[in-house]
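Single chain ahead, by itself, as structure tokens, in the form predicted alone.
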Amino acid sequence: MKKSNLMMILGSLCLLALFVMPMWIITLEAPQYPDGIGMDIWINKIEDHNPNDIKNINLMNHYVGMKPIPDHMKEFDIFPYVIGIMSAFGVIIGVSGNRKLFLTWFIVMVVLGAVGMYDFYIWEYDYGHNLDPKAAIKIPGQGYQPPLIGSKQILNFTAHSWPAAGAYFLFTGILMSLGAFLMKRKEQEQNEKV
């Protein structure tokens, strides 16, 4: 098997890391939480970063009118199938060795990744801006949306939002498919010269 085919297959299999590792981590730091509290966002669930973190976040957010962190989201029903299907297609394409399909898979994954990030941003925006008008604490004009990526000051909290291990495997897998496309092109050019 050619190196480009193997790279395409391995890149596709990198997506499966999302089933065993979180893809995003949001943490909050404040004087009353010196170790920080947060949540790990998986492909199919949201979990405490440390025990009872989500419970504590929900308690704090209640005072400013934010909704509780959801136990379930419709995306959790869709994302595992999308990732599983794209990983399987990637392996099949890798075995086929079709260079154009390598690039097609790369483009589809970039589009799906952009759609996923946009969906995440919309969820964060709604979570941080759609507040209960009967909240105990109201600060006119104040939004509580955490950053899509990076750090942001929200009242006395510093919110951090960063990719986690699963996302790094995802990014690596997508880049490997582009690398496989470029390598396949070079292999084909060398074969034509012989």
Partner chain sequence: MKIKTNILNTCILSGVALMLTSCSYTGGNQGALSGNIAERVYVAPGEQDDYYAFLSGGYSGNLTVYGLPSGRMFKEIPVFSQFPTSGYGYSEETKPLLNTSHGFIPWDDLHHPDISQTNGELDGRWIFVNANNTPRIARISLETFETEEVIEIPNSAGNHSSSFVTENSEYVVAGTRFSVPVPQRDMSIDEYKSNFKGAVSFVSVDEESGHMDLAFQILLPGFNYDLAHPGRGKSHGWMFFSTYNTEEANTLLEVNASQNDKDFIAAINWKKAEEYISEGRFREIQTEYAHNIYDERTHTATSTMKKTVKVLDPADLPGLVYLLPTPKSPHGCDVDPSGEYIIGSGKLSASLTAHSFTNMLSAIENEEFDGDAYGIPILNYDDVVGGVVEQAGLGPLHTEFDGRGNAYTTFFISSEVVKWRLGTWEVVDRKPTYYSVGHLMIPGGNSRKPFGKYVVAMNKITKDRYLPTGPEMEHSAQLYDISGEKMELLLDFPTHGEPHYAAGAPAELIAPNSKKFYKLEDNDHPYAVKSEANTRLERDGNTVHVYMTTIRSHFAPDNIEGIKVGDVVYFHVTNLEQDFDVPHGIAMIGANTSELLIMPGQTKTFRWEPDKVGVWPFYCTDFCSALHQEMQGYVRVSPADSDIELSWSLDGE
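Since the structure is predicted, the reported quantities are computational estimates derived from the model, not experimental observations. Positions refer to the first chain, counted from 1.
Keep in mind the form predicted in complex with the partner chain is missing from the figure; the text below concerns it.
Enquirer: Which of these residues, L59, I139, I149, A165, gets a heavy atom within 4.5 Å of the partner chain in the predicted complex?
Expert: Of L59, I139, I149, A165, the residue with a heavy atom within 4.5 Å of the partner chain in the predicted complex is L59.
Enquirer: Just one of K67, K45, H129, K55 has a heavy atom within 4.5 Å of the partner chain in the predicted complex. Which one?
Expert: By the 4.5 Å criterion, the partner-contacting residue is K55.
Enquirer: At the 4.5 Å heavy atom threshold, is Y125 in contact with the partner chain in the predicted complex?
Expert: Y125: no, not in contact with the partner chain in the predicted complex.
Enquirer: Can you tell me if Y144 lies within 4.5 angstroms of the partner chain in the predicted complex, counting non-hydrogen atoms only?
Expert: No, Y144 sits far enough from the partner chain in the predicted complex that none of its heavy atoms falls within 4.5 Å.
Enquirer: Does Y33 reach the partner chain in the predicted complex, with heavy atoms at most 4.5 Å apart?
Expert: Residue-level check for Y33: yes, a contact with the partner chain.
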